[in-house]
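Presented below, as structure tokens, is a lone chain in the form predicted alone.
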Amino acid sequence: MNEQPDLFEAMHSMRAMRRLKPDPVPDEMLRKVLDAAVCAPSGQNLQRWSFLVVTDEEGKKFFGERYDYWMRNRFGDTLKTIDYETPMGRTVKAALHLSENMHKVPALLFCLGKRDWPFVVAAEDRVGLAPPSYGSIYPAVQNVLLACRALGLGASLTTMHQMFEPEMHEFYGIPETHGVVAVIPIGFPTGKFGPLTREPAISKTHFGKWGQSKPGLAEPAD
């Protein structure tokens, strides 16, 4: 019996799972996740994505120490005043748990993109390193998250690596031709998947022109 959720069920229950068991994730499952990632669309089908899987203790420790440091550096004052009994407080508490235990996560998946200047940046303005091709990489990131959900794996999208990316390049041997777009911790969740809390799509949708409505489809709240 196939117990995997269908696509819409996966999307409607794909919570960010930040509490993960230390049990290793089989290579076969990681391979399925990566195969799903490269099914994503990309500009001109250039497939500028690359991936780095980190499962060794030294590699996870390096990332985890810096991630936790910068998490507290950026949000330190907020952490002192937040009410952990509120929905936002519980989210922050889970994020802190992940930060403190990042080095114990079974697998870290670095999603990278080949650097490529956007068309809008004129040649004379192209100074320094080009950014990675975010528009081509994020569909692959979403496929990773959906594949993890389908396999019963917990995962969450993180971007705190931006605070120490140069160190990552040196430690992991990442060439400057590529930029790290997202880091996804992957493991078996301790909690359960369930319904998401989101504002209705209809309240975020405009019809024809900004601010216009269409009953049942677009009823913008702002």
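Counting begins at 1, following the sequence as shown. Just so you know, these numbers come straight off a predicted model, no measurement behind them.
Form predicted in complex with a small molecule: not shown, discussed below.
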Notebook entry, point to check: Does Ala16 reach the small molecule in the predicted complex if we count a contact as any heavy atom within 4.5 Å?
Noted result: yes
Notebook entry, point to check: Does the 4.5 Å heavy atom contact test between Thr190 and the small molecule in the predicted complex come out positive?
Noted result: no
Next item on the list: Mark Trp49 yes when one of its heavy atoms lies within 4.5 Å of a heavy atom of the small molecule in the predicted complex, and no otherwise.
Entry: no
Check: Even though the small molecule is not shown here, does Met168 get within 4.5 Å of it in the predicted complex, heavy atoms only?
Finding: no
Checklist line | Stretch in contact, per heavy atom within 4.5 angstroms of the small molecule in the predicted complex, of 154-162, 50-58, 36-44, 169-177 | finding: 154-162
Notebook entry, point to check: Taking Ala95, Tyr138 and Arg198 as a possible spot, do all three reach the small molecule in the predicted complex with a heavy atom inside 4.5 Å?
Noted result: yes
Note to self: Distance change of 3 Å or more between the C-alpha atoms of Lys192 and Asp35 in the predicted complex: closer or farther compared with this structure?
What the structure shows: farther
